[in-house]
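Below sits a lone chain in structure tokens, taken as the form predicted on its own.
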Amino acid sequence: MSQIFRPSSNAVSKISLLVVVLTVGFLGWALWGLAYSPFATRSKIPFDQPVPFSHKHHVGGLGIDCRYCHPVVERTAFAGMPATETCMSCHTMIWTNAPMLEPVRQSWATGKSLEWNRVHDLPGFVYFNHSIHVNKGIGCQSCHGRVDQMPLMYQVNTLYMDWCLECHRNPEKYVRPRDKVYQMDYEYPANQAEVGARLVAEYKIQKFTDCYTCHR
């Protein structure tokens, strides 16, 4: 009885399997890269705003505290956006005729709020409370990056669930003294493991990782 397959069929089948495995692996790698790319996460991309507000100038240059523009961040779930009155408390005296601030002056004159484009925009099915994180010693910089170095605001981290869970599972790596929460250039000490463990106990931080914590 003659052979059904040629001797080369074994080699062809092995090569075919290798090609399939490599193709599937490449597609998986490509999809993973796409999922974590700025295209999907919106990270590292400055958003157009009605006024090109520079955190680098106001925070880094002038040293304005986060709470001046976001006064309710320690008490409410939403950090809040500054009212036009907050902007005009300075700009009725400086840069009063700057063209870029015309939308602010119009808002002040008409009483109509500026419509800012939200940079850190979590899905509706995710619950996040700013006040609990701030009061537990999680710095603004941990989530928002070095805003004091951003001429235009952009999202630094992916805001994906695995990123959130990394902190929830290991809070001792990220917690800092409460009086350093708003310090943008804060550097964790060499003995952060020891300091973090102490702060976790002192601030009564619990490692919440159940679904209900964020999906209510």
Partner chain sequence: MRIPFLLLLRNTRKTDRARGSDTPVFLKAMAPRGAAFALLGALALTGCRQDMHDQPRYRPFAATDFFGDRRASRPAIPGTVARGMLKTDTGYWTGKAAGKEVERYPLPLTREVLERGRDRFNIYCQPCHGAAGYGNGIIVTRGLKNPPSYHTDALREAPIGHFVDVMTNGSGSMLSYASRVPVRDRWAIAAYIRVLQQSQNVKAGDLSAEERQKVNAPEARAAEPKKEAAH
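Note that the rigid core is defined as the largest set of C-alphas that superpose within 1.5 Å between two forms. Model, not experiment: these values are computed from the prediction. Positions refer to the first chain, counted from 1.
Not pictured, yet referred to below: the form predicted together with the partner chain.
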query	finding
Stretch in contact, per heavy atom within 4.5 angstroms of the partner chain in the predicted complex, of 186-194, 147-155, 66-74, 163-171	66-74
Contact test in the predicted complex: A109 vs the partner chain, heavy atoms, 4.5 Å	no
The partner chain contact in the predicted complex: L122, any heavy atom under 4.5 Å	yes
Contact flag, T96 vs the partner chain in the predicted complex, heavy atom cut 4.5 Å	no
Q206: touches the partner chain in the predicted complex, heavy atom cutoff 4.5 angstroms	no
Large Cα shift (2 Å or above) at A201 between the shown form and the other one, core-fitted	no
Displaced residue check between the shown form and the other one: F26, CA, 2 Å or over, core reference	yes
